[in-house]
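Below you will find one chain, with nothing else, as structure tokens; this is the form predicted on its own, and questions on how it binds or moves follow later.
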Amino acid sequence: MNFKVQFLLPELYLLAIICILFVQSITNSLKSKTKWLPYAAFAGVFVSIISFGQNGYMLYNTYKIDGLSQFFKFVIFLGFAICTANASQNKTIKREHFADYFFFMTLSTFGLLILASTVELFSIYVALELASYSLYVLIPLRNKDAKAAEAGIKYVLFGAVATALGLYGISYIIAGQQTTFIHALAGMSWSWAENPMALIGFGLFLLAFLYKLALFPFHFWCPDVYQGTSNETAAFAATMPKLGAIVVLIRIMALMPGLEVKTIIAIFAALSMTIGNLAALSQKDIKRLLGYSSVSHAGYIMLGLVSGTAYGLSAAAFYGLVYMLMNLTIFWVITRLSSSGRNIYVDDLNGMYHSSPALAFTLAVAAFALVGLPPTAGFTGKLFLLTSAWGQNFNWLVIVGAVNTAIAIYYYLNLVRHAYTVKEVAPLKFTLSPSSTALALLLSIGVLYLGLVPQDIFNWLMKTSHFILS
């Protein structure tokens, strides 16, 4: 068995954190001492950077280290660090349960880290379940809120259906292609005319990840789960599992399925963008609004995947980073506003500019990015996605995406309008620490930086995508 320790530095580092949290979770005197975790998570970002440039297969060719996997490990560590910093003051969980809470959050992140490198279908399935089971525990944790329990049950039930579909799909793929290794599957036929059984299996396996991405028609869990779970957990659930889904979908779509599959996915993408945006227009609960927003963003990501080119796969990977960053930025604002842990409504933003200019600025940057306005990362990311699909038989989908961007302007900029122009009647009372203010501004700078200087990252992703497709 081929095994090189230097290939697994990010995984081993996170495994060490999991072991420490496990010891803390079973030791009463250490359960509340978790302030070290955000710092350790930020250190993990640098550990993941060290592992860049490594290439090779491991563990009987089920585990692949390449540019794509290491890029997503970097993004996952970055998201994990922001999520732990965001959740370090979680008001809906007792301090003595913090070690348990972070243990499951870290375990879910570990599953996503493995998901970034696995290139064998059963290994992908096991990594997906490792990431999902921890979330099943995290989502209902919100004091005694009945909606949290409802959100947890919905997430489990929809997750079980997705798991069943994925496993069923693997069985069809084995029957049709006699292998479960992605590098072997890459050279095989995926058209209905030549191998219908394999294509059915491919479609079913794909559905399991479209569910994680909350693409129409697998999106029903998303707004309810966001609304029901705590703000801090919602920030994690809204971003991190989607990173795992994107990296796997990139590897799967690199198999170059036939036009039949791409067309079906493109139709789902168009419906996802339209239904998500139209439903978001009437939402007052900001987390529910972001839930429907994520449904529409899942459609945008599909623009890059259906094109199937190196440019398209790079655009989808880049948008994964952008999506994570701009969502965690707006969730950072929501969490800071909610001192008691309750949900924040659109009217709660009234006059925020006067009570906290820094937080209002952060909200504006995140909203501008989510709608796709320059000079933010959201604009650049969407530009890459729309460009990738144009001329690849999906011009109509590009037009649908552009129209939906116009629709989304209303509800995203409505948040900014409430923060800057609506007079506050009963202002929210909250205190923002210097460290929270600094991190809010850093997140804003990150969103603007990726919008203004995306080329180095995108060029690097292009080289990686060419390597995957070769």
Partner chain sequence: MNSTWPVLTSLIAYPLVGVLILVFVQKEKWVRVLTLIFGIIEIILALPLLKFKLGSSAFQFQEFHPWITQWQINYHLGVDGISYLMVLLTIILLPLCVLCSWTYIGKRIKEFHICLLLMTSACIGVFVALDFVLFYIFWEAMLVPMFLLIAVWGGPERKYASIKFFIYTLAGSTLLLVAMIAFYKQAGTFSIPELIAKDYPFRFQFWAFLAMAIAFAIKVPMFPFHTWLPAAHVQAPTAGSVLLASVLLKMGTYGFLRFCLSLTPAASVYFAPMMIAISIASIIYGGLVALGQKDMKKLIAYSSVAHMGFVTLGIFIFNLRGAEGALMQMLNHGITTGGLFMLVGAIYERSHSREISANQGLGKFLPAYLFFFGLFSLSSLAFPGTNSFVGEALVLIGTFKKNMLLGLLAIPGALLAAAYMLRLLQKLAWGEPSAAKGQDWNDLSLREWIYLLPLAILVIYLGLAPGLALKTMDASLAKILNHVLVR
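What you see is a predicted model; the values in this text were computed from it and never measured. Numbering follows the first chain given and starts at 1.
The following text describes the form predicted in complex with the partner chain, which does not appear among the structures shown.
Undergrad: Is it the case in the predicted complex that 65, 81 and 125 each bring at least one heavy atom within 4.5 Å of the partner chain?
TA: No, because 65, 81 and 125 lack any heavy atom that approaches the partner chain to within 4.5 Å in the predicted complex.
Undergrad: Please identify, from 433-441, 414-422, 30-38, 45-53, the stretch that has a heavy atom within 4.5 Å of the partner chain in the predicted complex.
TA: It is the stretch 414-422.
Undergrad: Select from the listed residues 346, 373, 162, 85 the one whose heavy atoms reach within 4.5 Å of the partner chain in the predicted complex.
TA: Of the candidates 346, 373, 162, 85, 373 is the one lying within 4.5 Å of the partner chain in the predicted complex.
Undergrad: Quick one: of 147, 342, 95, 354, which gets a non-hydrogen atom within 4.5 angstroms of the partner chain in the predicted complex?
TA: The option sitting close enough to the partner is 354.
Undergrad: With heavy atoms only and a cut-off of 4.5 Å, decide whether residue 274 touches the partner chain in the predicted complex.
TA: Residue-level check for residue 274: no, no contact with the partner chain.
Undergrad: Is residue 13 a contact residue for the partner chain in the predicted complex, using a 4.5 Å heavy atom cut-off?
TA: Result no; residue 13 lies far from the partner chain in the predicted complex.
Undergrad: How about residue 402: is it within 4.5 Å of the partner chain in the predicted complex, going by heavy atoms?
TA: Yes - in the predicted complex, heavy atoms of residue 402 and the partner chain come within 4.5 Å of each other.
Undergrad: Any of the heavy atoms of residue 387 lying within 4.5 Å of the partner chain in the predicted complex?
TA: Looking in the predicted complex, residue contacts with the partner chain include residue 387, since a heavy atom lies within 4.5 Å.
Undergrad: Quick one: which residues from 46-78 get a non-hydrogen atom within 4.5 Å of the partner chain in the predicted complex?
TA: Nothing in the stretch sits within 4.5 Å of the partner.
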